[in-house]
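Single chain ahead, written as structure tokens, the form predicted alone.
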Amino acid sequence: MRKIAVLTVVAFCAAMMFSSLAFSARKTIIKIGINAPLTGDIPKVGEGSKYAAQMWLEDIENAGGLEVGGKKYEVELVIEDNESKAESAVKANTKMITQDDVLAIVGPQSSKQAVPAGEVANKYKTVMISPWSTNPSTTLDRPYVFRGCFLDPFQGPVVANFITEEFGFTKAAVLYDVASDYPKGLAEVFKQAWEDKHGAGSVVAYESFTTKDTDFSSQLTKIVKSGAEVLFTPQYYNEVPLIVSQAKNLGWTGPIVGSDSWGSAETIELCGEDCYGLFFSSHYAAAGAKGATKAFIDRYEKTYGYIPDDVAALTWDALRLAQQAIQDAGKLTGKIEKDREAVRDALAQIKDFDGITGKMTFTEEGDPIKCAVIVRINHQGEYEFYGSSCP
């Protein structure tokens, strides 16, 4: 009799483990994935992403959780290092979606990782918001992939127009990494925009190199001799100081203009006075910021000891977008596929989102309509607002 009783208890426990009652009684935790380059060529980008995410999580925890449909849920970050490699970014997304059951992913940042990782997110119908990827292919024909920044087809003409209006130049040179999606794509867009304004052949030098190259003297010698009045180079913070220094050593005296990939605090730390007075297009300017943007900058600097770059600011906005979409979904069912779909639909409907990098309303492709900022590196090494351009 005792044996029968024991078996009955075991059977009851087993039934409870697999019953819907037991499932609903389980604690639901909202997991948000962060796909960032914590190591590799641009670890400062990964660091800013992680720090902004930790600040966001701190706010959620201080509020007692994320409230959805009148109920508060615990939130957990799943942070994966993509090593600044496309294949690692793909593996990170696959793991977070299929093993960790994340509800949404923020990142990757660079287009080289965001374009292939976006394919995985869309395949598994999981929301991915890339804060910093400006290449159109990241979101193209991918209803589950969004971004928090403007696109290169917008940024390229903004830079071409700025140089023309600011300096009155008609001949430009371009130096870019042919093996990386972001600089290659933006170089092509800039060249087209420049030649649309100044005629075919007005980009008098169009020089390229390959990722991890550090000697640009051959390309820069051609640029110096080309008669170009301005050099546009849409490269990352680890390459900009080398390009600027080598160009000046080879006799280049004209302005050098960059893009949103220049925004890291490391750019000025590595480049020093060589970069004073130069311009680049970006998503926000820290010097002179006001309101919520200044509050974010002050808090970040107090916590981590340096002024956040545009990547950190965009990551903050991307996480708040994900937060609003989860809350706008109205409820969580505990069925991850269904909840991911609800979050995706809610995110697509967000209008006039008031981010610290500007207001955002998404197009059908998942791209925000927002302004670009022209930043000048002043003689204190600060990134100051110089002008803006809106769609």
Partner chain sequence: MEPLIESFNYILQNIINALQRGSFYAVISIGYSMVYGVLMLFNFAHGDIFMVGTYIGFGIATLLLATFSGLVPPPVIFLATVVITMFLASWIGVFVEVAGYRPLRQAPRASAAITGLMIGIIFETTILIMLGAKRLSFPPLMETVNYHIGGIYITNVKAMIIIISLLLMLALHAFIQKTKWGMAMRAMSYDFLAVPLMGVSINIIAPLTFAVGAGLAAVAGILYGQAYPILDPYMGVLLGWKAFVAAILGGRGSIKGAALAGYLLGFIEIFVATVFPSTLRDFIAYSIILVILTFRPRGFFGMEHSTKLRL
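Everything quoted here is computed from the prediction, not taken from an experiment. Positions refer to the first chain, counted from 1.
Keep in mind that the form predicted in complex with its partner chain is not shown, yet the notes after this line are about it.
Comment: 239-247 is the region of 309-317, 157-165, 239-247, 294-302 lying near its partner chain in the predicted complex, near meaning a non-hydrogen atom within 4.5 Å. Proximity of Glu229 to its partner chain in the predicted complex: non-hydrogen atoms within 4.5 Å are absent; the residue sits far from the partner. Although the partner is absent here, Leu38 lies within 4.5 Å of its partner chain in the predicted complex, judged by heavy atoms.
In the predicted complex, at least one heavy atom of Pro43 sits within 4.5 Å of a heavy atom of its partner chain. In the predicted complex, at least one heavy atom of Leu270 sits within 4.5 Å of its partner chain. The partner is absent here; in the predicted complex, the one residue of Lys197, Lys72, Lys225, Lys125 having a heavy atom within 4.5 Å of its partner chain is Lys225.
By the 4.5 Å heavy atom rule, the three marked residues Val178, Ser208 and Gly251 all count as contacting its partner chain in the predicted complex.
Of the residues in 212-226, those that come within 4.5 Å of its partner chain in the predicted complex through at least one heavy atom are, in sequence order, Lys212, Asp213, Thr214, Asp215, Ser217, Ser218, Gln219, Thr221, Lys222, Lys225.
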